[in-house]
Ligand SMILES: Cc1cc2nc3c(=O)[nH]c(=O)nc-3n(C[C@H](O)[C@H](O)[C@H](O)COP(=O)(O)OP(=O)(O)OC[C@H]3O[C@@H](n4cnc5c(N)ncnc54)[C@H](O)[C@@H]3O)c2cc1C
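Read the single chain below, which is given as structure tokens and is the form predicted on its own.
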Amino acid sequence: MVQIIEKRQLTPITSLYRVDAPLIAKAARAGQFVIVRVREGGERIPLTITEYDRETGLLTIVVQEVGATTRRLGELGVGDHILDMVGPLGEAPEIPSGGHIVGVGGGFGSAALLCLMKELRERGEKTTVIIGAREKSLLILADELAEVTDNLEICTDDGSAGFKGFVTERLQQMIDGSPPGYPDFVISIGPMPMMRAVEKTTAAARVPCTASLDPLMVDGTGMCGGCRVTVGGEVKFACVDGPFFDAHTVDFDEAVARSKMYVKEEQKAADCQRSAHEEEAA
């Protein structure tokens, strides 16, 4: 079990947790993930590592409540324990040195970018982060990201903060010559449709791009096969071969379809949990 040392509400459905996990923090690298189980008999869910501190042994994760298990995790507070946490898992991405490195994050992707951008800052790289959300209140970790990147670009669909439009539109402006400059390498983390759009944008400009396929992961060990995806014509597993892959070689049509495979089961689990809460309240 790992104890929750700090909890911070980022949005109405998104929380940051700092937990005491010294063995994981000691071995963690930017871009890796952990597998969490909240209760006995519960499902295992993958969560990308947001930050780690080798000296204090603290590990940070960000959780968006989208299903039954993440909602149960959202009910935990400081002093509570998460039943199981295994990691670090997955391969850290290979990001070339030199040039202008641009991280593009949507939703929870902003949290995953924090660790990577901090590492790139320590390497002395020139970086820009583009993060997006439907509206200002749904943006997360903007202040923290601003501290670890040379340029932070904020995009909102409704224009309530920063650039009005999608992250890909702002990325295209940079490709076309808008400050802070042309991207030499792009890191894409977020919802599958967003990453597919980033791939198309960068492919047209022949800009190298890596994408994190963590939205596909279920078991996290390669045993379930739920995260199978075709990369460069070969079958890969997002959890053990990734989660980062050359975006220009990913079959995104297949990946998007696979990410929707368990929608009915997830909805059923959420409905059962909601009914249980209503019965307890009654």
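Definition used throughout: the rigid core is the maximal C-alpha set that superposes within 1.5 Å between two forms. Throughout, we count residues from 1 along the sequence that is shown. Just so we're clear, the structure is a prediction, and the values are computed from it rather than from any experiment.
One more form of this protein, predicted together with the ligand, exists but is not displayed; see below.
(request) Please determine, with the chain shown alone, which of 22 to 30, 213 to 221, 51 to 59, 247 to 255 has non-hydrogen atoms within 4.5 Å of the ligand in the predicted bound form. (result) Heavy-atom contact with the partner occurs in 213 to 221.
(message) Is Val231 part of the interface with the ligand in the predicted bound form - any heavy atom within 4.5 Å?
(response) No, no contact at 4.5 Å.
(message) Can you tell me if Phe185 lies within 4.5 angstroms of the ligand in the predicted bound form, counting non-hydrogen atoms only?
(response) Residue-level check for Phe185: no, no contact with the ligand.
(message) Whether Thr11 contacts the ligand in the predicted bound form should be assessed with a 4.5 Å heavy atom distance threshold; does it?
(response) Result no; Thr11 lies far from the ligand in the predicted bound form.
(message) Can you list, in sequence order, the residues from 53 to 67 that come within 4.5 Å of the ligand in the predicted bound form, counting heavy atoms only?
(response) Contacting residues: Val62, Val63, Gln64, Val66, Gly67.
(request) Answer yes if the Cα of Gly226 shifts by 2 angstroms or more between the shown form and the other one on a rigid-core superposition, and no otherwise. (result) True for Gly226: a C-alpha shift of 2 Å or more.
(message) At a change of 3 Å or more, would you call the C-alpha separation of Leu216 and Arg39 in the predicted bound form closer or farther than in the form supplied?
(response) The answer is closer, because the C-alphas of Leu216 and Arg39 approach each other in the predicted bound form by 3 Å or more.
(message) So the CA-CA distance for Leu216 and Ile189 moves by at least 3 angstroms in the predicted bound form. Closer or farther than here?
(response) Here the pair is closer than in the predicted bound form; there, farther apart.
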